[in-house]
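To begin, one chain is listed below as C-alpha cells, in the form predicted alone.
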Amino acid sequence: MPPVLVVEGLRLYYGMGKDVVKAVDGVSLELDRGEVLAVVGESGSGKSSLGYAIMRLLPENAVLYDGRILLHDGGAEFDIVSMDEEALRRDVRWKRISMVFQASMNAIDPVSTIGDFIYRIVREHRPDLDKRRGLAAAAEAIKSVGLPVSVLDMYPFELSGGMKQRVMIALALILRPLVVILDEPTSALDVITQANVISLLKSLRGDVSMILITHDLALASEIADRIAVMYAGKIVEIGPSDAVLTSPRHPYTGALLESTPTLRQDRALSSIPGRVPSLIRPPPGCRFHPRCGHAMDICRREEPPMVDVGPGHRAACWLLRT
C-alpha cells in the first residue's frame, strides 16, 4: 500500500519587494497511513510554510510553487500542485486533508454559536448536508475530542482556550480526512491545557495520519512516530523518533537537543550560536555551516546530499560522507 501522502521536491517562494524568500526549498517526505510525522526546527525555518504549501493555501505574494504532492485515497491519486483550484476545493481540501492553524482558536466567529460556526464551514465543502445532518455531524466531532454536545449551543467567549482549540481540532476532523496538519496546536495554552490537548492527539493516533508542526521536541517525542528536522527551508534529517532523538546524525539536530531542557538528565544547556539565516539570501553549500562547529571547506561550497544512516533514517551532512 503506498504512503497516503508523498511530497517530492516541493518549493514555495514568496516575493518581498525585489527579493524572493525561499521559505520551502526542495522538501521531500512521505507520510504513511495512521502515522504521526513531527516537523521540528527553530522559528523561521519554514515549518508553517510547508504546511500551507501541502494544503496549497498560497498567499498573494507567492512567486514560485512547484514540485509534487501526491495524496492517495484507495485507488484514487490527487496531485495537489497541479490540480484545478475548484477540484482541489471540492475533492481534497478539508475532505481528504485538513489543517489546524497556529492560534486557530482566534478564528472562531465571536458572534455565532459553535454549532452554527461549524455548520457554515462544513456546508462549504458538503453542500448536500442540510442543517440537521450538519449539526449531527458537528455533535459527533465535538464528542470525539472530549467535549460535551452542549458546547454547540455556546459562544466562543464561554469557552476556555483549551476548549476552543479542541473545537478547531474537531472542525479539522469532521469530514473524516485522511491527513490532518497541526501547526503548533499547543502554543499559547497553559501547561495543564497543553497536557489535555496532547492526550487528545495521542488518542487520535492510528485513526488519521498527522503532520505535527512544532518547535517543542518534548511534544514531538511524546506522540510522533517519525521526526523531520527542518532548517532554513530544507529538511536536514528525518527518521524514526527514537533514532533521531537518541542518535542524531546532523549537527543541527544534535544542537537542538542540547538546547532543550530535560527532566531525565542533569546537564547544562547549550545554545546554538548565531541565528537562522535569511531565506532571501541563504548561505551557499550547507545552510547550517555558519553556525556549525564541524564545518569543513566543502560545507561552504556544496549542498550535502541526503544519505541513509539507519533503517528509515536519513540526514544531509558532509560529515556522513567523509
Partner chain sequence: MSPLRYILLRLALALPTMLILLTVVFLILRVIPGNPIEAMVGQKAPPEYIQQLMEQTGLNKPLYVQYLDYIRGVFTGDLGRSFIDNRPVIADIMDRFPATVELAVFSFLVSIAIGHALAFLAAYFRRNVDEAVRLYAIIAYILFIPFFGLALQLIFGVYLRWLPIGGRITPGLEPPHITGLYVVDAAISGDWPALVSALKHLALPSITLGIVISGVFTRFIRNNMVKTLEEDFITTYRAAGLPRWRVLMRAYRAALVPTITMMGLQLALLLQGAVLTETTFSWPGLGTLLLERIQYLDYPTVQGVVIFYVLIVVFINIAVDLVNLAVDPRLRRGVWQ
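Positions refer to the first chain, counted from 1. Take the two forms, superpose them, and find the largest set of C-alpha atoms that agree within 1.5 Å; that set is the rigid core. The model shown is predicted, which means the values in this text are computed figures rather than measured ones.
Note that the form predicted together with the partner chain isn't included here; everything after this is about it.
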Check V111, H125 and Y155: does every one of them have a heavy atom within 4.5 Å of the partner chain in the predicted bound form?
yes
Spot the stretch among 163-171, 215-223, 136-144, 228-236 with residues whose non-hydrogen atoms come within 4.5 Å of the partner chain in the predicted bound form.
163-171
Within 4.5 Å of the partner chain in the predicted bound form, heavy atoms considered, which of V63, M296, I280, L58?
L58
Of R120, R205, K131, R176, which one comes within 4.5 Å of the partner chain in the predicted bound form, counting heavy atoms only?
R120
Determine whether any heavy atom of H72 comes within 4.5 Å of a heavy atom of the partner chain in the predicted bound form, and answer yes or no.
no
May I ask you to check whether S199 falls inside a 4.5 Å heavy atom distance of the partner chain in the predicted bound form?
no
Heavy atoms within 4.5 Å of the partner chain in the predicted bound form: does A87 have any?
no
Should F101 be counted as a contact of the partner chain in the predicted bound form, where contact means heavy atoms within 4.5 Å?
yes
Would you give me the residues of 287-316 that have any heavy atom within 4.5 Å of the partner chain in the predicted bound form, in order from first to last?
none
Spell out whether the Cα of R123 moves at least 2 Å between this form and the one not shown when the two forms are superposed on their rigid core.
yes
For a quick test of reading the superposition: does G74 move by 2 Å or more at the CA between this form and the one not shown, rigid core aligned?
no
Threshold 2 Å Cα movement between this form and the one not shown for S199, core superposed:
no
